[in-house]
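Just the one chain here, laid out as structure tokens, in the form predicted on its own.
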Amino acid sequence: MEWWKDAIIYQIYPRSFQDSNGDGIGDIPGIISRLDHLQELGVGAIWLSPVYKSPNADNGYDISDYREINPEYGTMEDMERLIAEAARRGIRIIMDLVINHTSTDHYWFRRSRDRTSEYADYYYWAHGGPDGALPNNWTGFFGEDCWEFDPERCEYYLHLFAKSQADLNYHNPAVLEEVKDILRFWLDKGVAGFRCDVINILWKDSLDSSKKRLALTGLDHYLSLEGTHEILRQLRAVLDEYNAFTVGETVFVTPQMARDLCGPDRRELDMVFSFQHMECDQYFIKWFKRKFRPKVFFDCLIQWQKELDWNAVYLENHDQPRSIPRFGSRKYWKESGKLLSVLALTLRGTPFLYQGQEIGMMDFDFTRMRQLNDVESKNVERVLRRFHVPRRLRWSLISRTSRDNARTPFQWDGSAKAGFTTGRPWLGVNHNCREINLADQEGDADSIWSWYKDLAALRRERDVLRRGDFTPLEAGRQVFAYRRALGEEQLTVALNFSNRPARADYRGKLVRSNYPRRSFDGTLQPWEAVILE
């Protein structure tokens, strides 16, 4: 049963969702206390960012024990209660599976420092070259060298991410068997599947140096190689025992790579997150921004809608800035927030919503580096300083792109701490919580929250929005229009990505508009979205 084709999946970043004990850190009991909110929204599954035991160098994506819960978030009993309480409301739980690397605090890594240990080859270890040269010229995802010297083993270990995140060595079959056991552990507890972190870079074919690139030198030795496909097929065999679901975060993936990863006959993943539409406002790497051009965005969405039978549709997550200031309009905050929700919930594929998206949360309002927590942002700051980039320019680059933009606490109400905690929040609350919060929007039939609920209900009611074909009709400088069709039923969606009115010569009965109108006359108001039949 492909339940995930009908569901709306909601990502929770546990650290920032709801604190239950006043320590300023979101936790599992806090999530349980807010399940009714998700049920009211119409969520079918929760993707839970990592809650495993971790020293939190990368906020849980550096796992020190896959079978224990981070005490900051609660206990295993809390986790089991979350699974049960969510199920009682018809909501499944999807765990975040981080298996490219572990924390250097993991006992596998600690024991691998002993060359005689059974764990000695669980990671990529290598000798340096003469005169202190690194084992190769690869560079990592977080803007730093990807080799770290370990004085105990007297060798370097590979880390494509932070230096506390050592890459696992899948050339050792024992590593894959460990991962299979981890899958079974959580599936036996009742989780419905996994979001698989950076899943298309597991297999490194060699540790040879590569041709120098502006970023990520060495990528040709690990991007979407056949060894990774074989790993995924073996993991799929375990997942199929439980009819479990998987979605893969896939870096630098093309449509052909995506088909190779999630084609039904491949038996690897059910779907993938691509990044191409999230890269339309940047030059090569995300830190170098360019003006958002809607047509580039539209063309990318159309390409993926055409070339993949099923997409993971998303506009926000824990690694990306918020969607309204990025793709919408600060001036037309409410209108563009509603328009983006129409896009997310009417394209063909499974919609993934990120916490706070349903109330129109915005990027952080921090003013200096010391307010940030994100390890990636801090590493990039160090690199920019090394190249003598002026402080103001450094902050301009980082503030627009930092992952902390999406990680500020959920704004439940308009109080100073936004109803998130009674203590000191681990990351600053956006001051706009006085104007943007759930409590105010719950009583407002015209709010972004009310619009999301209504649109989610419409998606449940209309098979054509969940399973219908996609046909592009227009992708201009302002207007994006497409048709969803299933049998005799057809819906036309027209979106105006502009502060100016636009013509959209489509006719039909008005099903929805984010403006107060009863019929459509062919003119879209600024940031208006209409659904016609």
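Every value quoted in this text rests on a predicted model; they were computed, and no experiment measured them. Residue numbers here begin at 1 and follow the sequence given.
The following text describes the form predicted in complex with a small molecule, which does not appear among the structures shown.
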ask   = What stretch, of 257-265, 293-301, 441-449, 402-410, brings heavy atoms to within 4.5 Å of the small molecule in the model of the complex?
value = 402-410
request  = Sort through 198, 389, 231, 179 and report the residue having a heavy atom within 4.5 Å of the small molecule in the model of the complex.
outcome  = 198
task = Let me know the one among 358, 72, 270, 376 whose heavy atoms come within 4.5 Å of the small molecule in the model of the complex, would you?
result = 376
task = Indicate whether residue 104 is a 4.5 Å heavy atom neighbour of the small molecule in the model of the complex.
result = no
key: Touches the small molecule in the model of the complex: residue 339 (any heavy atom, 4.5 Å)   = no
ask   = Heavy atoms within 4.5 Å of the small molecule in the model of the complex: does residue 165 have any?
value = yes
message = If we define contact as a non-hydrogen atom of the residue within 4.5 angstroms of the partner, is residue 159 a contact of the small molecule in the model of the complex?
response = no
